[in-house]
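Presented as structure tokens, the chain that follows is alone, the form predicted on its own.
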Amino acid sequence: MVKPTKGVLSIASIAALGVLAACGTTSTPTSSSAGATGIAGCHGTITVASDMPLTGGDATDGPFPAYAAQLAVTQANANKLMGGCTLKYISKDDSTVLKNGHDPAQGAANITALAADPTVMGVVGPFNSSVALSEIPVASRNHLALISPANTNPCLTAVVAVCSDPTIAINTASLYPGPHTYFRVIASDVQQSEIDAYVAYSVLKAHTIYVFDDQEAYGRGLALLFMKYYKADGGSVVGSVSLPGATTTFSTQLSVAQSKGAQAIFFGGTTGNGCGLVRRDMGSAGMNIPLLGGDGCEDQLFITNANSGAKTSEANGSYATSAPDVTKLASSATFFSQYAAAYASLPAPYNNGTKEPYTAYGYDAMNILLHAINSVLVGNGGQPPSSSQTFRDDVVAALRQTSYDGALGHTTFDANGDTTNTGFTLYKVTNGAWVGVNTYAVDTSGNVSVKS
């Protein structure tokens, strides 16, 4: 496939396509309403950004929400959401060649650079929880809003039991040396792991399981939570192993799992850190049992890697939970149509927003940020606050009051900046493609049920 480069996300390339209409499912003010609210006379430049892994092993994930975020900015400019102020967009890539994908150090450097620009009022990102650990403190110190479309590690916002595990050791409070400026539009791994455990035990009927994780904040946390809830459901974990993300062969561990009678494999981590390669090696070992992963496994690279062994269709029958499938929601239809029109000239799969579950999440995250900025301008007589820090603080305060109807449906945030929406979709690889099976929801008592 053709992989995007760091320079591929140019605002001019979209504007030239002429796809500038606002999504019909949102309440984006038009240019006439901008004048009515007094921001037609707005002066100055307002900058927003995205920070995603765009290259390397994550090139099948990050570009989609980044393109979607950029489309939201294009539409906001067309509708003069910021009135007379100039609205700019910056795309940052937190991938490095060294990591062959997302790199926490690069993410921190990106946010440091963005925070140093007094016109930057918020960032959509990051995509990976390990990158969020390095970015959140920088954003907090600089009063800069972060809205992630995809982070699911619960320790980023709240203290749960796994945060103190020595292999994770996340001190949630220390992530915020300044104000709490972090938000996310996806539920956390507390809910995802409960659903994964339910799927493994009650849907796949696997009563014994072997668990892998990639030693990162997301993967290790998801694996620990999964084991907790899987055991509570009555399942038996016959073995578990934490391996570095650079691991490329898993035959030894799979041999152990096979000898202990595992009826399924669970992988906590990302495809870039080996999820698809585990499935490949399962085929080589003749292990005809399900593999189940979290949202880090649900991408095209998983299918490519799983099918790279002797069995060229080994990916089929694999399972992963990921962001709720919004392609079936009426609220997302206009967005996906506009995305397809805006990016028709891009190579596949980037020309089709439905090919990655987090595309619409990047779009709504940026729109939520833009509407918060608009509300600050309106509340300040149509002009940006004179102090950059005051402006940023006001944007964060506005985000806390979010009540937004967009492609994802209705979004609000709780006191921790977490979305109040819960639920994940179970996907299965069928005929070489991920297909949604069911969307599951979790109630406050931890009971899992089919939502759609």
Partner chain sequence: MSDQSGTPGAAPGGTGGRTGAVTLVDQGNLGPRTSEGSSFFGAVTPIFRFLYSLISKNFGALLLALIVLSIFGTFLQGGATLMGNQIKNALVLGAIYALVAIGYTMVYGIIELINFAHGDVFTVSGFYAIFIANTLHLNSLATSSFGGLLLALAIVFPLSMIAAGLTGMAIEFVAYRRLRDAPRLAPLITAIGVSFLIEGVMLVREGPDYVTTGQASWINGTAFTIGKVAVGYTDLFVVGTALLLMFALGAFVQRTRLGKAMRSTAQDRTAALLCGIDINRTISATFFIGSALAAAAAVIYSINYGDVKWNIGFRLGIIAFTAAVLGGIGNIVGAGVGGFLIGLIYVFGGSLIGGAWSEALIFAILVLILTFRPVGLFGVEVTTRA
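The term rigid core refers to the maximal set of C-alpha atoms that superpose within 1.5 Å between the two forms. Not measured: the values here are computed from a predicted model. Numbering follows the first chain given and starts at 1.
Note that the form predicted in complex with the partner chain isn't included here; everything after this is about it.
For the options S140, Q253, Q263, S331, the residue carrying a heavy atom within 4.5 angstroms of the partner chain in the predicted complex is Q253. Only one of T312, S202, T354, S236 comes within 4.5 Å of the partner chain in the predicted complex through a heavy atom, and that residue is T312. In the predicted complex, the partner chain sits within 4.5 Å of a heavy atom of V241. Taking the partner from the other structure, the partner chain in the predicted complex has no heavy atom within 4.5 Å of any heavy atom of S337. Remark: G122 does not count among the residues lining the partner chain in the predicted complex, judged by a heavy atom distance of 4.5 Å or less. The partner chain in the predicted complex comes within 4.5 Å of a heavy atom belonging to G272. Screening 318-326, 254-262, 371-379, 185-193 for residues having heavy atoms within 4.5 Å of the partner chain in the predicted complex returns a single hit, 254-262.
Taking the partner chain as positioned in the predicted complex, the residues of 264-296 that bring a heavy atom within 4.5 Å of it are, in sequence order, G272, L277, R280, D281. Core-superposed comparison between this form and the one not shown: the CA of S331 stays below a 2 Å shift. With the core superposed, E135 shows a C-alpha displacement below 2 Å between this form and the one not shown. Relative to what is shown, D299 and A330 are closer in the predicted complex; their C-alpha atoms differ in spacing by at least 3 Å.
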